[in-house]
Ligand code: NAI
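A single chain comes next, written as structure tokens; it is the form predicted on its own.
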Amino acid sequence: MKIDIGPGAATLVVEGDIGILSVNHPPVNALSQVTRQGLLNGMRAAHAEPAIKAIVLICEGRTFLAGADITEFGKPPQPPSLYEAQDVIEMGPKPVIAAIHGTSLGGGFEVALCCHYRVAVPSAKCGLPEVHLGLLPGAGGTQRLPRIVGASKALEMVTAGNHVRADECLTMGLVDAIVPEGSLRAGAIAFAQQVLDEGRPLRKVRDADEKLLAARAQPSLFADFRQANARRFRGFLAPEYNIRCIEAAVHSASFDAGKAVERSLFLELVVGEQSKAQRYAFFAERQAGKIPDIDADTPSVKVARVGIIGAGTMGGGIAMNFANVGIPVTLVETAQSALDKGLAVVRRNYEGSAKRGRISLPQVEQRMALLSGSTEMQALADCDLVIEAVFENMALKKDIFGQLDRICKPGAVLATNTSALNVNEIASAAVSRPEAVVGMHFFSPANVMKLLEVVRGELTAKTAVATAMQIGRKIGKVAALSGVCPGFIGNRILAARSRQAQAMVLEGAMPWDIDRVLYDFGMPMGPFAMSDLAGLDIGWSRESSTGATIRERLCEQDRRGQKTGAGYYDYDAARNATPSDVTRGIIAALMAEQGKRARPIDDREILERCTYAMVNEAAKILDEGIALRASDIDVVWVNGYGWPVYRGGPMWYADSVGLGVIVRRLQALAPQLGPDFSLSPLLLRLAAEGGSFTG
């Protein structure tokens, strides 16, 4: 029997004693107004129908309720509120069973927690990931979660925002039963009937206090958690606000009092600059995958086997990405010893992950079994995608692509992992198929970093671009498209920042001053600490060194970074850095030789010269068509270089500062910016018009 429930994206049918309320709001059942209305109307109708003794809440399509519709944020609220729908579920007279498939995240999971019981299929995942949007669960999630899993586990969940597998949810009590895959509806109905047959109570999470009492007996719980995670939470507001909400759950006099704290903190975050930036970054990532002239039906190559040339740190890391998703990889090296070393490093990486509990030991063996090696290029003949990952030498890369042109099967995509070299010149070596060549710039460590810069050459075919973008998503990367220029998007902007940082050192700022300012801004490390970590001798040789730069003089004294215990900084045995008097002396000597006198450089100038120079270079990249969108530039810098996501990216940050402010400041700083510096015409034009990059 079907019951008319009025407007809303839901239907209600009766089967025996059970009412099945089905939500259907494609594509992901977001909790927008029409979904909330359907929930409210459906629950009210189910409670009013005498034939219904218990209610199953289930969703059509590929997932359970997906969470809040964040496109509604910042707009006037449209009734009914999610609170109204939750109250009619939780406070109603009949048991409600949530039937979960796909994902139950954010507001969707908060609705599930209002149900009296929850069942899920094995593939389902649950969680409260609002922290990734600079938010906290604003519909009771921070108050109900610790009442089920305890305060300690709740702290981990809301500050990490991870998706939790169904089996883990069962262990923690977040779901009450796992039902067979493909039988969710029948399994949920059977569970609901069992609830009725056994006379189970209307179990309300809000009334459970046992786990909170246990937390109250741990007075240092919250202070210890903050201290243990201080580095991870650095600069972010949302993790701290989530912690305060769990504190309120533990220490408030009632559920409603804790919920009031949650609501107040949520409203503060949702209008704040950090959440706006993080929500922008969320949508920017999704937009980056959309290329105007490459639509969904553009042909792409089915990648069944990947070849990688070079089994060093980069090549091995790239290989892990493919093995992780079940794609076999052939690694090619020039010598068996190098190949063996590379595969051994990959195994150590996997075994390290197993020790940390991230994968199982059988998974280590499964992934290693997907990796094979050879010292012969001919071994790549049957690969669908070949990625060259040797060091940055144009002659070497062109030689490799000439060989690939002769060896690889027709239709194979040939990719270079170059971080800066001209992809068009590399492609010219693949004489018979330059259109098959594309840049796939992975970031180190390649098995960890999320960004993949896909570089489109002048002759690169749409099929090659589509394949690179699709396979990037498959291996869990955020893929962003770049045109060809020195350094592409990311490294070209990095070079602009580096020029200013190096210039300021020869004007009176110390490397550690510059690093401190950028670290305090939110970057993971400053440019000089980063150079020490990577190694100052990359691209340096004693034979050709002229001592013309600070870096060269440091290398000449065997101060080559962390690996030698000294670089710009001095390092102890644990690689803890301290400012170096040797570096001070080298800087002073070089300044004296150049006839320069040190001047005071304050933190404001350091920050502005570094970040505004980045914005200026990014504007040139956008104006030249190297990047499709300003948001793509932000995606590159957030995911590849550690730009703090709560500042959105260089372009979002520029808009928040004001383009007019930036132009005026760069004009004022012009004497210090160097003879090669010029203001971007696009930046000047937008500033004059009162425009923006991301608005």
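Quick note: we count residues from 1 along the sequence shown, nothing fancier. Being a predicted model, the structure only gives us computed values, none of them experimental.
Omitted here: the form predicted together with the named molecule. The next part is about that form.
Contact check for L396: a heavy atom falls within 4.5 Å of the named molecule in the predicted complex. Residue contact with the named molecule in the predicted complex: E392 places a heavy atom within 4.5 Å of it. Residue contact with the named molecule in the predicted complex: V332 places a heavy atom within 4.5 Å of it.
Contact annotation for S300: none of its heavy atoms lies within 4.5 Å of the named molecule in the predicted complex. The candidate stretches are 514-522, 164-172, 228-236, 311-319, and the one lying within 4.5 Å of the named molecule in the predicted complex by heavy atoms is 311-319. Distance criterion of 4.5 Å from any heavy atom to the named molecule in the predicted complex singles out F442 from the list Y241, Y350, Y117, F442. In terms of contact with the named molecule in the predicted complex, the residue from T611, Q500, T583, T418 that brings a heavy atom within 4.5 Å is T418.
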